[in-house]
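The chain below stands alone and is given in structure tokens; this is the form predicted alone.
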């Protein structure tokens, strides 16, 4: 069916149970839509996304010879793929479909104003109908996927992802900047909640990875260049010791860059006394089998832990987040060391032992008489040094009493922060970062493992602070995403991308600078050079079209004519006979 056909639009308005119909007069919206130009059929349905609703759309397209479809329902992010598939099954091009969000844009945000919500719903549907009349069929395009995944980072997350990919018969290359694999896990002693040695966990994963021929491991290496798009990422990987650079082509990328412990310079006299250490340093001592001793060679009799060091600090850029692992790790360390010393005190802002089996660790620590004391979030403990003594003063907010403790060893439980160089990595892989400095996911609920750069996944602490269990879980999820791409061999790319009219291009490079995804470059094979769009990279954001001073760039599926038609439909509503009846 071509664009030359007279538009015959079907409008399907969804009740969504009570979600929409509880506020919006859905029947009235469908009734009024009958009188809009080019509308050949309207109906209101209880659940348009249901099997019955989808069948109704397919049958209506055939019965009324519809060549455009407008569905007014919930979020396009949730169901636009569903309805696009339905119209394709009925013989229409998927891009001859338009969706209106009545749930988030009307009923939910105007729940106390049903009349106004209904008027707004009518406006939105009218605008969508005007746009639908100008929609054009677009070609559905695919790109070939190279069956090879790049895993950036060789910690527990990266190794888990690589093993999952390799065990499914696909190639994976792990690039790790350190000389050893295992990340920070190799510096831990035992892991909660089952007291398993961290070294044993890493050894098992390394044995599994090295036993799979399809897994390539590159240590002392970093990715220095990346180009291309989903299915075909051209990379250069440099070995930092030899200086040798190799080229590889990957179909997908998994970012597992991990974290580094926050260095608490300026906190609680850290660095001014050898007996004030971080939890990471404490764990490293235990992992090497060293007997815990203070500076004079004696085992400490009194040990104190302070939590949330460098975490949850309003106004301190990059440190406002909760690092999530700290409370349980601190409680576990306090519980273990209580068997070797006399007094153990834990100072905490809030105690969040949230994971499976974690509360049991807290309970065990209590049973061993580890002392817990809560300080005020806005009033941190004070640490004073007097000769070789460490004196800690604070107010216990639960009892209201001022306390003082003199530990022989003070352990600071510090935050997880992004590793050095994360900003450069983000630029190289075209990733955005959240306020805490970690990489942003595409959508926190609907797409937690993918990024806005198609084909690049994130997992583990690269996405946010978390413990090894959650990191491994995310690694398996990201590996499943990567293998699903490779198993298909070809992947569809979005057709709603920008297009350059070479006859209008003035070679000003404005679009190249404006594109946030690096999808536009100048085709130097032509004289003068003209802008060229790599469609697999384009996200259809429209930045280039808006910036182009020559009007040489058109956004497919969002042309100027389509947008203007919506504005005109809103400003000049057509007359409705009989008050919409």
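Residue numbers count along the first chain shown, from 1. Model, not experiment: these values are computed from the prediction.
The same protein also has a form predicted together with a small molecule, omitted here; what follows describes it.
- The closest non-hydrogen atom of residue 307 lies beyond 4.5 Å of the small molecule in the predicted bound form.
- Within this chain, residue 285 is remote from the site of the small molecule in the predicted bound form, having no heavy atom within 4.5 Å.
- Residue contact with the small molecule in the predicted bound form: residue 461 places a heavy atom within 4.5 Å of it.
- Proximity of residue 209 to the small molecule in the predicted bound form: non-hydrogen atoms within 4.5 Å are absent; the residue sits far from the partner.
- Stretch-level contact check against the small molecule in the predicted bound form with heavy atoms at 4.5 Å: of 385-393, 152-160, 77-85, 335-343, the positive one is 152-160.
- Taking the partner from elsewhere, no residue among 143, 251 and 480 has a non-hydrogen atom within 4.5 angstroms of the small molecule in the predicted bound form.
- Though the small molecule is absent from this view, in the predicted bound form it lies within 4.5 Å of a heavy atom of just one residue from 229, 177, 352, 238, which is 177.
- Checking 170, 325, 233, 97 against the small molecule in the predicted bound form, a heavy atom within 4.5 Å turns up for just one residue: 325.
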